[in-house]
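Coming up is one lone chain in structure tokens, specifically the form predicted on its own.
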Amino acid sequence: MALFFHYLSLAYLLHGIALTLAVTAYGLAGGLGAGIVLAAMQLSGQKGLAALARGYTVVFRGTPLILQMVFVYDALPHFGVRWSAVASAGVALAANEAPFIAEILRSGILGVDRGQVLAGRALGMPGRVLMRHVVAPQAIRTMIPAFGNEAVSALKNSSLASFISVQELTLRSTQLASSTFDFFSVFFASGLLYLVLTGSVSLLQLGAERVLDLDRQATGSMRGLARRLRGAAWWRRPRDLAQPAPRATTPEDPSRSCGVAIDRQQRAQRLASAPIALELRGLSKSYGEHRIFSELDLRVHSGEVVALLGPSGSGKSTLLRCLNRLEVWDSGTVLIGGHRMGMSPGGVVLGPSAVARQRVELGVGMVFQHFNLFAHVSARENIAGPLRWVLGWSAREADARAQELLDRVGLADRAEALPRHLSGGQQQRVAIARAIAPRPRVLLLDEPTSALDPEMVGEVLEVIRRLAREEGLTMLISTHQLRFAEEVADRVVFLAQGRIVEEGPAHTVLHAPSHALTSRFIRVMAAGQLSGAPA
């Protein structure tokens, strides 16, 4: 036992640990750099680069590390490339680790919900901003365990450097045991030293996981607690847009109905003279041989609310994504405020980063069917973050705007909650607040209630109702809620079979449709809604 403890502190073995750590560090650092390049090549969308990266992966994952080390140390000198034994081991280990690390990076990035990426693009984030603030923070959290495993594997694989005469821990242990014939004590001490090294890596991994634990951050942050207390604002009563306005249960007064009709007529006259906010000219879109819609023409006036109706699969969501260039259409033109979406003033097709800037400049906001909140940040940061990242607002200004909007949608006391701790209706209200935070001119809403439980539909629709009345936004809303469309929309556009079948004043289209397809759709939908189901 005395010899065992003697070997644990023997300088000869401790120097071997230093060489082991040096080879491992070279391998992991080089592997991470090369892995980032390989992952980027595979995610680039360029077939040639992706094929080259996959070829590298096949070769270096399919051959033993020993052969790679021998090749670097013994074969490369014949081509004039010479390194020391330690450097050769580090280079070979890095080349071997690169494809494994690349797959960890690639899987982490691809594992981030695509809806969040789509939401980031809709908010005007160029690729680098999206990667930095949305994708990378979430991907890193999922990659930490895999990186921990890979670091332990690299540490153990460094022992193969002994085959090219690197005096690392395993080789020195073997030499010491051969000279003393005390194999048990030497290798037991060597094994314990390796265990300490790998255990240290595991502790670092657990520490990183703890630091990046979102739930721990949300509950343990004193700053977050202070914000929650401020947001709750128990000393004042916030405006809660989530609570539906009381509705009369008595029969409707005929004079009131007449007043509503007069108001609608006056509003229609005002909108008719308003400038065009959004215009489609001959817009067509197909996926392969499947035509989604063809030669669509539509004009929406500034301040007008248009409800887009149609059966499932009629292309409503695709159309909305085309309007802000989240989808590329086949032919036709989209004009926002008179500017061609996706095109420069000179008629040149814009790249992704330029389109992101254009969305911000033209003021196009979007609310998605499945909320698409950024899962790694609070409700407040979902609103304030994009204002800082994209528009360059100060933290104080962005936080104030976020708090104002959360107050307006009735979620001031949930400002620090993560999206997964919110109900579906609350998440959609945060998504609406995020979309209107930069004060867009045009707001696109893609089935904002279809992913909600029936009891949550009313609260979200009430928020949209009040926004339509108070903000004066130009809105294009894809919805199946007929009562909501009648109450909020100025005009209804019915899309079916790849074309606009019918459009007109909301009350007229919903109660006296002129086309058989519109009539059948409204009759089917009304059976479950206008007969008493909540809007």
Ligand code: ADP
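Throughout, we count residues from 1 along the sequence that is shown. Values in this document were obtained by computation on a predicted structure and should not be read as measured data.
Omitted here: the form predicted in complex with adenosine-5'-diphosphate (ADP). The next part is about that form.
In short, of 417-425, 386-394, 313-321, 131-139 it is 313-321 that has heavy atoms within 4.5 Å of adenosine-5'-diphosphate (ADP) in the model of the complex. Contact annotation: of the candidates I292, V334, V377, L452, the single residue with a non-hydrogen atom within 4.5 angstroms of adenosine-5'-diphosphate (ADP) in the model of the complex is I292. Although the partner is absent here, Y287 sits close enough that one of its heavy atoms falls within 4.5 Å of adenosine-5'-diphosphate (ADP) in the model of the complex.
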